[in-house]
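In structure tokens, the next block holds one chain alone, the form predicted alone.
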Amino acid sequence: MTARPLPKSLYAATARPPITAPPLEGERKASVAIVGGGFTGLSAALHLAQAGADVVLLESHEPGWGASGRNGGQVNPGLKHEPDTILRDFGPEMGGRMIRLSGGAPQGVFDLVREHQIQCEAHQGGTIRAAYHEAGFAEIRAGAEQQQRHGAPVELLDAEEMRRVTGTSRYVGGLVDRRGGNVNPLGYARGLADAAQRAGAAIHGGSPVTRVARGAGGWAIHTPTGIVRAEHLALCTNGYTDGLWPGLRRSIVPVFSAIAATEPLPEELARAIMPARSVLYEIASITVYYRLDAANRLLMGGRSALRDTSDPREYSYRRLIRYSETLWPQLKGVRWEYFWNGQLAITPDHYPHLHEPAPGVIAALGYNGRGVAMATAMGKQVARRILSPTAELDMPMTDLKPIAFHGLWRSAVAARVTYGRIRDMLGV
């Protein structure tokens, strides 16, 4: 298999250069083999190497090739569920740890950026949740009260305050969480890869894992051109999970997300449409998210066609442009320069998943649209488990449960998108 070139995107055009990551050649031993060069695998490799472990990371293409290098760049705090639901589902001890881990995950990203001097346009300007109907704002208010009880620095915004921070009168209310922010995600992934490599991790691109087998003293991890023999195996493939490990691909649903980006906007126009320079996502059945980058480009993201596409004529991109012009009519006539999409992983319960499907094997995946912060945090959890098997983790270890009728996921996702759009139009 030949490594596929990085898809065209704004990030591919502007991010720092990739590291040198040659394909694995021949046979070698390691204490840990990691499959997947996204945020989870790179974070795990960095934290393991810093602790002195002998680590080999294997990536089919290049580090950051998948969703880690294609997402909206939003570094958002928290999980999909609010604190009271998390505590109900997992109890006060584990639930409390999950709340603290997810709430502090953005700070973990920005700390790594500072520690390793990662050039990725990092900006901790806060995350805004926005509601354009009263039902959504009621949901935000309830969540804000719960988060404030747990010490989160969140603040409710009324319609006028939302207009002031977003430049549009679309929203009836919202919430700002000062812990959030944004990065160029491909630059961040490449920076993590560089930091892990400098810490001693071996990183091999163009090295798809074709087979894993239990052997004497550990696992044999096969690629087309080599074998790694390791005591520990970490599976960190998220939305691009394949059939390498039985049942893992069928435990998540891959969902495509599309992003369109404008040319750099004049400073006056940029200040008019997003004066607070926070990142924003809407509370809706089918969410839309957006931000400005360091060059004043508007990045507008949302659900995509269920295939890789960079064709600006594709409906997903045309819809994003129309919606942008609805929010800010002054954008009409602005040139849109970049169009790209990628796969993220949704879990049935909307929690990230940690599994240990066999002795010496750990899998982490399923970030439900919060991958920049949570995948980084989960990579550190993977490293902690490998370094100290008896250490308490801040996410639960759960059984691997394949989804029934998983082969119908494309039809199910398409139906769910249609249903969600109808709900959003009705304001329910």
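In this text, residue numbers run from 1 along the sequence as written. This one's a predicted model, so the numbers in the text were calculated from it and none came from an experiment.
This next part talks about the form predicted together with a small molecule, which is not shown.
Comment: 234-242 is the region of 234-242, 106-114, 324-332, 262-270 lying near the small molecule in the model of the complex, near meaning a non-hydrogen atom within 4.5 Å. Taking Ala33, Ala375, Leu46, Ala363 one by one, only a single residue has any non-hydrogen atom within 4.5 Å of the small molecule in the model of the complex, and it is Ala375. Taking the partner from elsewhere, Leu101 is found to have every heavy atom lying beyond 4.5 Å of the small molecule in the model of the complex.
At a distance threshold of 4.5 angstroms between non-hydrogen atoms, Arg385 is out of contact with the small molecule in the model of the complex. Taking the partner from elsewhere, Ser257 is found to have a heavy atom lying within 4.5 Å of the small molecule in the model of the complex.
In the model of the complex, the small molecule lies farther than 4.5 Å from every heavy atom of Val55.
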